[in-house]
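The chain below stands alone and is given as structure tokens, in the form predicted alone.
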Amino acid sequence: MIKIGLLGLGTVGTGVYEILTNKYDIVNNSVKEELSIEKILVNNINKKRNINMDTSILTNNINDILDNNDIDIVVELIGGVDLAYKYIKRALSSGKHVVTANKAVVAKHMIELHTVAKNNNVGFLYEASVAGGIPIIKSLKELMKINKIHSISGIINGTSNYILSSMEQENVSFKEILKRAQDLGYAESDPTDDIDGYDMARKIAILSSLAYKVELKDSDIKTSGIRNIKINDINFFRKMKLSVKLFASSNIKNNAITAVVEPVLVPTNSVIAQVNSNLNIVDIECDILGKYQLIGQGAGKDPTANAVVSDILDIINKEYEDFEITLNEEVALTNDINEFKNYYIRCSFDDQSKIEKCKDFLSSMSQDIEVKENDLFCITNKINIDSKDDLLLGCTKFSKNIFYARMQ
């Protein structure tokens, strides 16, 4: 009998509990041993919950799980960073396998926790930390057995994608769609991580660290979000037959890694433009297979819980043992200043006198500038990352509301 300790009974934790209990026969047919949930850590044991369960397995004492020698697998779903990291490390150090959906902890402590797991002959799996129900981490590990990974890119945040696709399809403001996303539970009350790109930065850091065998932190990644986008931007894109997506990407050339999260403009008839609502898409370029693409549900209770349970089954079936991270010390993070792209820049003004000054500033690096009422729209010449950053910084002297996107 494999016994599980579940940390957290929120949305995803409830989903995991339901799969392991309601799908008991199916789950047990996938493994060589029976499994059961021994204990569940919650903040309030007496809280009313919308699931039928044996409340005697609930506890508010973490030691009932981490010090319980009968528990084989700890599933961490409490969120946050410091406390979750402490519990995960303690569980691994005591010889318990760990499954987590915590992208923040994995992005910050991946290499260390893999090392602790290896030293204690246990598994540390985190499929649910990236792209929800898409088995991207398993696919990446499988590809790496034969292929050398050249690049990873995609839409890996359902909230930002829901906002952008809704703005485009319904022609409503960012503020209105964000409020709706919060009401529907797609966005947190503080949506900063999603709309400013930090959530994506953590996810691309995880995938890149695995693919390129480096310790890449989310803080190392140049990150921009969609907070300043306006309907005027969407209307401008529509005239150009383009759609905007918040995109994460990384690539490796000559042992140098470039990684970025930023808005990107793609043709409206492209596959990426059709990935809407909370769907995610991930593209992997590798030397033998070429382009490998996955599309699926990127967030939500059921997709994430499915990924967690899949990791649990992989641990029981010992399918984690053949993967090991050996860091490539020759690889370094860099910004590829030799990659030149066109960029879209929109500046909005309260002071009309500043429009011409901003227009003059942008003219030397721009092929097309349009002014409509209080907005200036600009398509740059092909420039590199440093030049783009200089332009954006210069624009802040004239405008406080700026949105940019890279042309695909």
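We number the residues from 1 along the sequence you see. As the structure is a computational prediction, the values presented were derived from the model and not from experiment.
FYI, the form predicted in complex with a small molecule isn't displayed, but the following is about it.
Asker: Quick check on this chain: which one of Ile257, Leu92, Ala299, Ile71 has a heavy atom within 4.5 Å of the small molecule in the model of the complex?
Answerer: Contact with the small molecule in the model of the complex is made by Ala299 alone.
Asker: In the model of the complex, which of the listed residues (Asp336, Asp220, Glu188, Glu285) lies with a heavy atom within 4.5 Å of the small molecule?
Answerer: Only one listed residue qualifies here, and that residue is Glu188.
Asker: Is Ser165 near the small molecule? Define near as a heavy atom within 4.5 Å, in the model of the complex.
Answerer: Ser165 lies outside the contact set for the small molecule.
Asker: Test of understanding: in the model of the complex, would Lys203 fall inside 4.5 Å of the small molecule by heavy atoms?
Answerer: Looking in the model of the complex, residue contacts with the small molecule include Lys203, since a heavy atom lies within 4.5 Å.
Asker: Using a 4.5 Å heavy atom cut-off, state whether Asp311 contacts the small molecule in the model of the complex.
Answerer: Residue-level check for Asp311: no, no contact with the small molecule.
Asker: Classify Glu76 as contacting or not contacting the small molecule in the model of the complex by the rule of any non-hydrogen atom within 4.5 angstroms, answering yes or no.
Answerer: The answer is no: Glu76 has no heavy atom within 4.5 Å of the small molecule.
Asker: For the small molecule, considered in the model of the complex: do all three of Asp233, Pro263 and Arg346 come within 4.5 Å of it, counting heavy atoms only?
Answerer: No, none of the three is in contact.
Asker: Choose from 239-247, 112-120, 265-273, 152-160 the stretch whose residues reach within 4.5 Å of the small molecule in the model of the complex, heavy atoms counted.
Answerer: In short, 152-160.
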